[in-house]
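The chain below stands alone, shown as structure tokens; this is the form predicted on its own.
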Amino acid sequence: FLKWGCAFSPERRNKRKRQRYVEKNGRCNVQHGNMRETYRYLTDIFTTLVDLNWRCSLFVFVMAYAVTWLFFGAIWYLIAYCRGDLDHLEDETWTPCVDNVNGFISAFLFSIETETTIGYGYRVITDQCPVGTMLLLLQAILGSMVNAFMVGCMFVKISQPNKRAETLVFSRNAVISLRDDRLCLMFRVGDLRSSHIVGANMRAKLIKSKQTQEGEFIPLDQTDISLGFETGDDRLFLVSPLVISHEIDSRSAFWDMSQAQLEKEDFEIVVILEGMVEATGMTCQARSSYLAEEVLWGHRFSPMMSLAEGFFDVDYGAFHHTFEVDTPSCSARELSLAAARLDAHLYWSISSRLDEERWEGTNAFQGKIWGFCFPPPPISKEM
């Protein structure tokens, strides 16, 4: 590393506060304002109700039934009032529309019994009320629709895989260190449940504002961070915690970023894990993010797996632990150029040494060495 002109990185950066685009728990920190086409929420009312928080969902659920019961109860009371059933409560010769409806409360109870198909048998519609028969059919149909709609909303909301994402954990910090003599950006992901995520795949985005060559400012521009899409390394078998690695090459957004520059940068790395929940078959997505100050240069994740009797033991107590390792502080570009210069120096040193041996050695040795790489040059007669 000293030959390449890269020093080690013992210093830590000062913490800076930055507004997150995605919170550590995966919640997107974006609020939509000044929306003029709010009617679009009503065109997709089912999704709107599912997306509500639990407090609002329970309120809508209760009000949907309460309003329909009160509405039809008021209509049943209005029918009884208009027909004069309330004026002939003691007349045994009078046939009312609904037996034993003597006020609004009894009409409301009859509405509940009709819509919920309880049928206690005390209040019952008679055959002398055609309007009541039509209203009974209408309430039965609308009641079934309300049941299907509200129960469907609650079922979808309960079965949403959002809670499954809470058992998918990401390391608190990302690290940059050497892996196979290449600088790599790494973070760790793990699954706390024994039921696995089927077809899990990992994606990452670099969120950073930039200005184009034409002077256009793009806030929160998103750039893909390769996690091995070409080689299939982004598709995970998430049985035990894995360290996800991004090799910083010439196509990487971190190609020209050194440790000193990293301490001055202002960006956010959003990582997204998607897969299908094995127990329910529903798609699950877990998200997290790393700010620039949460990327530790010259660190590596601590091992957390050991071999026990008949199984592999995973110690989640070391999930977030990192330790410092020797890492050059220069950028990946500078590291690559330094390695290329070192290789070139070794190549020319070996070539010069071979040239000396060629001039001092015999013709047979000369032909053997040069014939290995390329045909030997002609030897002058003067030699």
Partner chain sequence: MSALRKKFGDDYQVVTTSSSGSGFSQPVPEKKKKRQRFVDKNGRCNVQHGNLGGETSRYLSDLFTTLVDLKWRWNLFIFVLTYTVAWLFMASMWWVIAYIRGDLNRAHDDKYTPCVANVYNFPSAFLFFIETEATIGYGYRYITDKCPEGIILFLFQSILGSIVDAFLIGCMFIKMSQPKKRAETLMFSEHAAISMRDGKLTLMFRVGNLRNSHMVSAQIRCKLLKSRQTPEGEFLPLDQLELDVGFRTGADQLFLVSPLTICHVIDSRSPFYELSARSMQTEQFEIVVILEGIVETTGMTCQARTSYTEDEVLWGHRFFPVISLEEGFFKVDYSQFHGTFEVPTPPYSAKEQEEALLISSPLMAPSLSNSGEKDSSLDCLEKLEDAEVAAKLPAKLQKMTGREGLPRKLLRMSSTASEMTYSLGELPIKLQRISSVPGVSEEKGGSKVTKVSAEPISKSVADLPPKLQKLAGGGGGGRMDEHLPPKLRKMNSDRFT
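Everything numeric here is computed off the predicted structure, so don't read it as measured data. Numbering follows the first chain given and starts at 1.
In what follows, reference is made to the form predicted together with its partner chain, a form of this protein that is not presented.
Annotated contact segment (heavy atom within 4.5 Å of its partner chain in the predicted complex): 276-284, selected among 239-247, 276-284, 67-75, 100-108. Contact check for residue 336: every heavy atom lies farther than 4.5 Å from its partner chain in the predicted complex.
Residue contact with its partner chain in the predicted complex: residue 192 places no heavy atom within 4.5 Å of it. By the criterion of a heavy atom within 4.5 Å, residue 41 is counted among the residues contacting its partner chain in the predicted complex. In the predicted complex, residue 53 stays away from its partner chain, with no heavy atom inside 4.5 Å. Although its partner chain is omitted here, in the predicted complex none of 208, 302 and 306 has a heavy atom within 4.5 Å of it. None of 89, 131, 82, 145 but one reaches within 4.5 angstroms of its partner chain in the predicted complex through a heavy atom, and that residue is 145. Put simply, of 292, 178, 136, 253 only one has a heavy atom within 4.5 Å of its partner chain in the predicted complex, and it is 136. For the stretch 137-162, the set of residues having any non-hydrogen atom within 4.5 angstroms of its partner chain in the predicted complex comprises 137, 140, 141, 144, 145, 148, 149, 152, 153, 156, 160, 161, 162, in sequence order.
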